[in-house]
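Take a look at this one chain, the form predicted on its own, written out in structure tokens.
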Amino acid sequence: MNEITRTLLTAMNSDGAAASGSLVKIVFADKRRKSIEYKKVTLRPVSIRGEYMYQAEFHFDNKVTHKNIPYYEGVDFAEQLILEDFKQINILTEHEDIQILASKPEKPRITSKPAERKAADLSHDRHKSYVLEDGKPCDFLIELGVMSEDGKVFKQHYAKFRQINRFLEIADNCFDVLPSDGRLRIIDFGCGKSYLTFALYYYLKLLRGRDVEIIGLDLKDDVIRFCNATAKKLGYDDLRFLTGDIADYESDGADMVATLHACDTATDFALINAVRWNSRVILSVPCCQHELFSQIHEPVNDPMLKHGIIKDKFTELLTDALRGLKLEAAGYDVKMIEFTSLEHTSKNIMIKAVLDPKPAAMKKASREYEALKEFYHVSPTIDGLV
């Protein structure tokens, strides 16, 4: 048994820190190879539905992902990270801090010093903090059937509840770039049943006290009638819903544009309108990107694209990449982020765009856009964004 394995076993196994409740976390850093996509991994003990586990948090440049690992696989998982991915490991416990420097795993340098901290609460299930809370009545969630009158979220709608909160978290991070006074104008294209439209109104108007005007647009008359009736019942006087096509919609503009699961090129028309209005924030979750499926032509990719399911997924990625570049060329700082967990929907990429014109970056993005479009011989609708 080598020194690294012995140290991990002491910290993580049944006779060590984890079982006694003193392990706080293990941090893996200093990548062994540039090709490793994540730059850091944090491993914490958690209790999920009464089962003791480890949760690994993978830190990428623009996102963080999580993986739950059975207790009995924890040491093997940690060893693999040390041997293959990282050269520095910091084990933080209630009693001591242990550092392992393992440029050469066979000859590690291991040091420790006393620590003054308490172990983290392992109750992962109970302490997730949401903008809207489970157990606290929220009028629009009750009216839309997500929670009961006493504020309890119905089990079958918990995924929707998490989605709403995730959207509000992302939107909240953008509000600093919106006008700090006066009326905020927000348009939600392809609003559907409008869970997120109502959530925006509730959060901005009722929780943050902002003066807002929010418009939801959708093609379905029955949905729009339902949403208007619900807004009236709730007394949401500055929230209204219109029947119409995104491509034909005319407006004086909006400070923020949201378009969530607008199908195929409807997303492009929403983005084009937002840029034309000089909207400061755009939040878009595209859906059903079929437009480029029949256009893509590049012989080097034929062995891959001959499979329909792969071509379909590739089409989605290429479409969103082109949209992102076109927005950057128009002066937006663009991030592609995970909106919801893949276990709920594969349509989980959000394009988050914040107006921040930088001429050099705009020219670079424009060149990259044209080069990518030419390489795959495609003419996407987002070309209409000028």
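Keep in mind it's a predicted model, so treat the numbers as computed, not measured. One-based numbering along the sequence shown.
The same protein has a further form, the form predicted together with a small molecule, not shown here; the description that follows concerns it.
Site residues 246, 260 and 266 are all in contact with the small molecule in the model of the complex, judged by any heavy atom within 4.5 Å. Of the stretches 192-200, 74-82, 307-315, 150-158, only 192-200 has residues with a heavy atom within 4.5 Å of the small molecule in the model of the complex. For residue 232, no non-hydrogen atom is located within 4.5 Å of the small molecule in the model of the complex, even though that partner is not displayed. The small molecule in the model of the complex is approached by residue 219, whose closest heavy atom lies within 4.5 angstroms of it.
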